[in-house]
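First, one chain by itself: the form predicted alone, in structure tokens.
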Amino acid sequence: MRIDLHSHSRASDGTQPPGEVVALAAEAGLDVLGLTDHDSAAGWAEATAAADRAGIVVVPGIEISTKHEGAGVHLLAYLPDPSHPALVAELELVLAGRSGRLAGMLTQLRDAGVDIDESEVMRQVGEAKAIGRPHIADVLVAKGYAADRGGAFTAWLDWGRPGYVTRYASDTRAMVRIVTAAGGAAVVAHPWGRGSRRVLDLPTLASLQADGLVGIEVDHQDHSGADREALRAIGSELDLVTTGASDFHGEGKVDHELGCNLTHPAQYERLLDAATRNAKTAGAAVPAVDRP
């Protein structure tokens, strides 16, 4: 069984609609796909309908922007009740923060000599709920300011670059509790990739586990072989679920092809067990997701 638990569609900053991502996953030989768009469940309905047609399983999820000790930490929330009031309230704040910083980012880019306006970005955003830096990056690429999204981030959009503006993100510990209360299973995405590495050591992960954290994403393109070995050892020591995934974004992210990293079926089973327990405790509907 081939299981990829982290992917993105045009419901956030991927380049394909949710149904097309699911079809591509089937073509790639996947049996299970986690659709985890940023800060929104908007793609779930289309993805699950497409999964029925494609003959694969979709695990609905959300990649939520959080912060711990000043560092950005992305939290994968699998199978939460998307109508849970506390979850809805926090996601609204996160999405408002995404939208609210757009004007500031564009002003700073224009001050740096970049000719770009909001209408160009919004054409990239389309119907996505989450406005992200990748949408601006795509405009920068289209207008010749960068060769690809990665280059746009390095030159213009990363921390310390002309187009960077901070935004609201939920507290990591509080969000773990909210996801758990919503009947979902919380997993830290790419814990040692990007800026979260400095704040996610074993004692911190153990502390988050006490708040309800279920697992950590180990096999990810942002992690070296040594990182994966060390994270797997932490997962074993703490008895956390350890997952693997592509973090697919379509054409917007190279070297993240569907299925390039996979979750072991036994770990998938443990993830579903955790979501089922949390749903029962929360009084939410038990997730109707196929098992190995």
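In this text, all values refer to a predicted model and were calculated from it rather than measured experimentally. When you see a residue number, it is the position in the sequence shown, counting from 1.
There is also a form predicted in complex with ligand AMP; it is not shown, and the following applies to it.
A.B. asks: So, residue 252 and ligand AMP: in the predicted bound form, are they within 4.5 Å at any heavy atom pair?
C.D. replies: Yes, contact at 4.5 Å.
A.B. asks: In the predicted bound form, does residue 153 have a heavy atom within 4.5 Å of ligand AMP?
C.D. replies: Flag for residue 153 set to yes.
A.B. asks: Check whether residue 183 has any heavy atom within 4.5 Å of a heavy atom of ligand AMP in the predicted bound form, and answer yes or no.
C.D. replies: No, no contact at 4.5 Å.
A.B. asks: Decide whether residue 101 counts as a contact residue for ligand AMP in the predicted bound form under a heavy atom distance cut-off of 4.5 Å.
C.D. replies: Close contact exists here: in the predicted bound form, residue 101 approaches ligand AMP to within 4.5 Å, heavy atoms only.
A.B. asks: Any idea which of 175-183, 77-85, 129-137, 204-212 reaches within 4.5 Å of ligand AMP in the predicted bound form, heavy atoms considered?
C.D. replies: Selected stretch: 129-137.
A.B. asks: Mind checking whether each of 13, 38 and 149 has a heavy atom within 4.5 Å of ligand AMP in the predicted bound form?
C.D. replies: Yes, because 13, 38 and 149 each have a heavy atom that approaches ligand AMP to within 4.5 Å in the predicted bound form.
A.B. asks: Note that ligand AMP is not shown here; using its position in the predicted bound form, name the residues of 193-214 with a heavy atom within 4.5 Å of it, in sequence order.
C.D. replies: Only a single residue, 194, comes within 4.5 Å of the partner.
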